[in-house]
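Same protein, same chain, two forms; see structure 1 and structure 2 below, as structure tokens.
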Structure 1
């Protein structure tokens, strides 16, 4: 066959349309978007929240799809095609500067979101997320509705659980600070209530705990642990005043296990989130020691029962005396430092 300009043109045209047919029309014709098992339609308020989410560029920092290699927030369920059925635009995002939000719904109660959107440093002191206070409370409510939608039926279950425990925790808080602490302690498994902090409150450990407190806790509990951080005015119930724990020691000496359990598990219904995914065990124990020593003037670290010390642990002696039932120490050991050498090899006194 003689190659002519017309033949080259027709050949090129054929290749072009064959590529378009294969890459565009066939995928569109074969694409099926059936709802997944957790899908549900969005409410009008949630759709308004989606518009705010897209319009303000939230997807530049937050993805909305869980991969099979993820290990953090929402990792209980890998995202599926049907999760995005009838969601327009379905922007999944590519940058994970902030946490993935595919299953964010119900992770926090509504008042936490109000404090967070008003100023993210209120609830996450080291957050780089900008303040959205300029949106106004009504639009923040719509944005929160969309975030609480994330996860659909799974999120609905979590949101309902948050609401249930919100009402219960508010009722406990309304009964007064001591009854509230008794209620909180009653929901800690007995094994944890009778457990002392197994790790020494060395200067190094307390410094690590201080860093954790500043990064995660100070926004709600405040710099002196009295529950008056900048997020507190937005929250109901208010954050716990740690100093009151002095008169709520279990058997007049145990508090470490309760602090660990509450830091690890959070208190659903309140603004207290769980930190089991953000902090490994040693950091939680160090944080518990920092809270106990700094705001209660007492720690049960190492008072026993205890096992074999970890290999890195220095010699350390607990000289803290527990306060009495009224929370008074009568000068018995408040502020006393451990007498043994700390992790840096220096005398702790």
Structure 2
């Protein structure tokens, strides 16, 4: 077969357009989508947000579809054709440098997003997302509206829950530090409130907890745990000052279970996110010990009730004296590093 101009021209075009017919025109004709169960139209503000999302290349790091093989964020809902009905453009994305956003709406309240868009390191210290402060607060508001839309009716449900608890948590915060902590504690189930931290607060464990604190918590709660991290000015209610927890021990002894539960579940309505998807249990317990030892000078690690020590656990004794109701420790415990076998490296028992 000799290549003539006619063969090249007609052959090249007919093969090409035959492929276009199958791979483009047929899907366009067949993929008529109807709205899915969670679909709802976008508001004008959300559309503005989508424009900003598209124009600023957010989709290069954030996918907007959840796969049946996804384990993490948002996997409760596998994305369906009808979820994208009438969205223009519905950019799926090819990279997940940041989290998928298909079901992001209502994961966080508005004030968290303001702090996050202003500088993502404020709320998520390991994030590599750029700061979008230069867009101005109005545009950040539009972007937030779009992000809160993601997930549509499912998101609306979550956003409404955030709003409800936002009001309640603000009211509690307004009542002062101690009433606020009582309110926070009251939402921890009874069984958790009197649960001591089952992990020894060894030096290694505290180091692990510190790493978690630096990667996830420091932006809001600050390096000394007093709730004055760089995100704090954007948040209402403000992040918790851990040092005041000293005078709110349950039965003057327990705090580990409360810390664990609050870290795991977050406090919906406030900027405190849940970490039950990001961190598994040992990391949360180590973090709870780090927060307790570093900012309260006390931890209930390893006190009763407890079972048989796990096989790997070193001999470690909790030498912390709990502070009294006013937060004083009568010269005992505070500042005292755990001594004994673990610190000396010898088995003292």
Partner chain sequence: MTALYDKNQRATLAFLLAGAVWFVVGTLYGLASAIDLVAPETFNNIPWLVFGRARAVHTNTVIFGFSANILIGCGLYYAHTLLKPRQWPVKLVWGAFILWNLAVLSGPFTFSFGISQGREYAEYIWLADVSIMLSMLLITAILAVAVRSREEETLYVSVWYFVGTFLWMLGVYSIGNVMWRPETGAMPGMVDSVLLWFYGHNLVGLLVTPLAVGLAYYVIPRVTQTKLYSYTLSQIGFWTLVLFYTHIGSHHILQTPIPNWLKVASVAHSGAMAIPVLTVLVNLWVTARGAGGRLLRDPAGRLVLAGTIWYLVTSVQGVVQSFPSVQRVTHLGNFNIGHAHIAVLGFGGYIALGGLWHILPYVARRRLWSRRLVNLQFGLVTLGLTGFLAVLTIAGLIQGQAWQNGEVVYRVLPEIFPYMALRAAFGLSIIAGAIIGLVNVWMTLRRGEPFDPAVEPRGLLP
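Here the rigid core means the biggest group of C-alpha atoms that line up within 1.5 Å when the two forms are laid on top of each other. Numbering follows the first chain given and starts at 1. Keep in mind the model is a prediction, meaning the values are calculated, not measured.
Novice: Is the form predicted in complex with the partner chain shown as structure 1 or as structure 2?
Specialist: That would be structure 2.
Novice: After superposing the rigid core, is the C-alpha displacement of residue 303 2 Å or more between structure 1 and structure 2?
Specialist: Comparing forms between structure 1 and structure 2, the residue 303 CA shifts below 2 Å.
Novice: Once the core is superposed between structure 1 and structure 2, does residue 26 show a C-alpha displacement of at least 2 Å?
Specialist: Superposed on the core, residue 26 moves its C-alpha 2 Å or more between structure 1 and structure 2.
Novice: Superpose the two forms on the rigid core and tell me the Cα shift of residue 8 between structure 1 and structure 2 in angstrom.
Specialist: Reported C-alpha shift between structure 1 and structure 2: 10.4 Å at residue 8.
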